[in-house]
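Here's a solo chain for you in structure tokens, the form predicted on its own.
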Amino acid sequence: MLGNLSYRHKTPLAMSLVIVVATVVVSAALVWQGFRQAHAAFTHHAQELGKVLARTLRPAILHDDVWQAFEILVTPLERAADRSHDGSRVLVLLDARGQVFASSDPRRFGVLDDFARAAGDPGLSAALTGQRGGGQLVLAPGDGRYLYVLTPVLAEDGAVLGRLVQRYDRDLLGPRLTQVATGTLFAGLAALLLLLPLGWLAGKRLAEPLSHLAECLTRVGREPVDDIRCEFPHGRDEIGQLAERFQGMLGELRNKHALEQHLAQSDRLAAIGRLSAGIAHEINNPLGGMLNAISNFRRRGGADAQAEKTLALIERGLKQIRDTVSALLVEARLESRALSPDDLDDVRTLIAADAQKKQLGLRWRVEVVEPLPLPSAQVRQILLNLLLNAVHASPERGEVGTHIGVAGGRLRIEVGNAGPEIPERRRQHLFEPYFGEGEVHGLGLWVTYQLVGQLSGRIDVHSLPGYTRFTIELPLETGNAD
């Protein structure tokens, strides 16, 4: 049962149990110590009283004055809350032979009675006989109900004239024990009321990191690794070390997941590229033949206006097919002519008409003032594809921004638009051909991705609600310019 209980509850319960047990043990020890102190104080008081009475009773024994001895014995009992006749306190004066000389309770201990026999405890006889000298003796013979204090009555020369016996019922210690126990009980309850909430909170606080770690561990394998975010307090204790190992494990899993995604995407793109290139080569052969046939037919002449119109329509369609197929051949030899600022201006001119149709604002900032060692055709194609994509994604009367510059030996191209956010699922397949959500997208971004990879560059996408930005960096040293 307890084995299935969470440490979030087990630790506070354990600390609370320890507090309760410790409080009970301490309270019991305090009660016992209080009882011992009360017993010691009671015994000490009895011994002091015995010494005083022994000196006072000496003349009565010497003059054989029983009445005087009786009055002396009764006097302290009358002062003790008038309990001289309840049997809880009895003072008896014995002569040298151990017989009763006088007592505070003559009915129970008459004159000349054998005290040990009258008290009903034969063990007292041995104690009285064995007492020697002027020392006091405290004992509890028999069943231990009574406490006896024996004090010798000495003459001037030290001779033993008799003995004063004080018999006290142990119930007299009851009120003192009750007082000590009650005070200790209330103190213990007050300590529990204070310590139990503190112990529970402390135990819960100690167990929270472990419970949080267990909860995070259960999420591994059930949720995507990128969604697991667990924070732990810094420390070098056992939980801190476990948390550090767990965070390291999460990092390794994230790296593994990212690598798997990258490899899967690379495999998909490579397979698509090989397939597309094969299809493109197969299409190019009959396509070239058809375009040559149209060209030869025109050179012969004799076609009427309707036939020429039809041939023109067919030729435009075939050329559109040729351009689409050419986009698939991204592994073609890179153009050697260096990229110039005029090439970038040409792209702006080409995109202006599309932007005007949607009444878009075109912010254009180019910081390239001299030719760069990059193939102009490929860079123009990259920039044109990004701008066409931005224009397509922008709402009516929106804005498209372009910033092109050189920093750190790299050409940096930024194209942003005020369109909607690209969903996460769409972002994972953004550079795959003909993949879309709700509509099919073409080859533009896939071709861009292939060209950037050919130029050893990097492409990043940053998308938020109302703004999307594509950033491309191309190293200048990879160019094939003359």
Partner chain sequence: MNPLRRRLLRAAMGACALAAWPARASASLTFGTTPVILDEQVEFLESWRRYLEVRLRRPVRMLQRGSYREILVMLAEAKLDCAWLCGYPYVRMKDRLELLAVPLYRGQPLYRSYLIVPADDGRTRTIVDLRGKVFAFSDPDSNSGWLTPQVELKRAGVDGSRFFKKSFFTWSHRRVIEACASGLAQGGAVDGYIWDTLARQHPELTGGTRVAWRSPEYGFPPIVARRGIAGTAELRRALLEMARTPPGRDLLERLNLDGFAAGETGLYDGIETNWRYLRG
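Residue numbers count along the first chain shown, from 1. In this text the structure is predicted, and so the values were computed from the model without any measurement.
Below: the form predicted in complex with the partner chain, not depicted.
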| query | finding |
| --- | --- |
| Contact segment among 176-184, 109-117, 361-369, 147-155, judged by heavy atoms lying within 4.5 Å of the partner chain in the model of the complex | 109-117 |
| E421: touches the partner chain in the model of the complex, heavy atom cutoff 4.5 angstroms | no |
| The partner chain contact in the model of the complex: D64, any heavy atom under 4.5 Å | yes |
| In the model of the complex, F431 touching the partner chain (heavy atom, 4.5 Å) | no |
| 4.5 angstroms heavy atom contact with the partner chain in the model of the complex for E71 | yes |
